[in-house]
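There is one chain below, alone, in structure tokens, taken in the form predicted alone.
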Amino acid sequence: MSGRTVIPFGPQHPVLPEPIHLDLVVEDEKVVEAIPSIGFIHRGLERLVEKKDFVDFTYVAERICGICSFIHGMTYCMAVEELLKLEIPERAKYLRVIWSELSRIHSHLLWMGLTADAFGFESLFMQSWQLREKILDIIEETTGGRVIFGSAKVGGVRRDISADKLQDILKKLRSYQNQFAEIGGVFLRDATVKHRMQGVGVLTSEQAQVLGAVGPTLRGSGIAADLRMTGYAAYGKLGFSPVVETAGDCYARCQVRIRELDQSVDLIEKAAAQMAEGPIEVKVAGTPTGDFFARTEQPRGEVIYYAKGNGTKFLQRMRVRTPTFANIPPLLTMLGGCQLADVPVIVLTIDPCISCAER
């Protein structure tokens, strides 16, 4: 149609941490339609269940994504544990909560830094990532890894955290909350940031539900949906309730993530207070039979693991539905009608992880 132009966005772009390609159909500076192309980094990880036994495959699951690595591994283990009818120790459930919430904090801080960089707000980017490094230090102290934790295993967890170390972690996290408030305050009160985010990329609650949005993208549109409400691991004993904003724009999604930083610290404190002494794993016996869907809440939203066992040490099938994959249809809706300059900000507010979306 005359007057329309197709502008390629990605797969390599300064604000994209991973490759995704969008054909943006524009009229002047207005985006009329966005057409996605994915598949640049497909690695065939799901097929490896035929070559790695169900215990060792935990390491592969963790490597689907470096940011959500622990929750990937934990969700896979939950699916296999159900097939094996394993009940893991209570202490392991609380440790899984602690590492899951540390993952959420470092993921949200990473997102805040990338978003600040998209605005050209370099000092805010540096502050966000400097604080993220401190969270990664805690993760390294407790698991031995900064990106891939390696602490999730079928039957529980591989490592324990001593009482003294827990108290040291809590002391550090409480001190970091002041920095969360300082950095978050810039995002929520700075006039430039508000101008770039308020009223931009609006997704109504009806659209979010119909299109299957998950995570902060869904909760930023007023829907109180969070898999932690189902009580998996030890969440059912921690009095959890989701963070919700109603505006449905980029600013609301930013608010959700910033408020979740303090919520994650509160959950870690509750888990540490309630966690009793005891074993951290149970012996794995038998082989998986049957099939099961395990669902958990990653920083970006709901992840689903499907595992099918046939009575051998190799799973017959394993499939993953990640939050980024679920949030792509809502993203395309948000992009329709926006200004071309707003595209990078809108894309970042779903916190895309393309290595998650492509296995």
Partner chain sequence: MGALSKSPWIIHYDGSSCNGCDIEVLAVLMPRFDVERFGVINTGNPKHADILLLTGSINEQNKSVVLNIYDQMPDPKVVLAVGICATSGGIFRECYNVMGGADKVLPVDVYVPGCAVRPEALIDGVVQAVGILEKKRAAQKAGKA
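Values in this document were obtained by computation on a predicted structure and should not be read as measured data. Residue numbers count along the first chain shown, from 1.
Another form exists, predicted in complex with its partner chain; not displayed. Remarks below refer to it.
The closest non-hydrogen atom of Ile41 lies within 4.5 Å of its partner chain in the predicted bound form. In the predicted bound form, its partner chain sits within 4.5 Å of a heavy atom belonging to Lys51.
When contacts are judged by a 4.5 Å heavy atom cut-off, Gln130 counts as touching its partner chain in the predicted bound form. Although the partner is absent here, Arg158 lies well away from its partner chain in the predicted bound form, with no heavy atom inside 4.5 Å. Shown here without its partner, the chain carries Glu18, Tyr59 and Ser355, all of which come within 4.5 Å of its partner chain in the predicted bound form through at least one heavy atom. In summary, the region of this chain contacting its partner chain in the predicted bound form, judged by heavy atoms within 4.5 Å and restricted to 225-233, 86-94, 141-149, 243-251, corresponds to 141-149. Proximity to its partner chain in the predicted bound form, taken as a non-hydrogen atom within 4.5 angstroms, holds for one residue of Lys30, Arg319, Lys313, Arg47, which is Arg47. The contact with its partner chain in the predicted bound form, taken as any heavy atom within 4.5 Å, belongs to Asp137 out of Glu277, Glu182, Asp164, Asp137.
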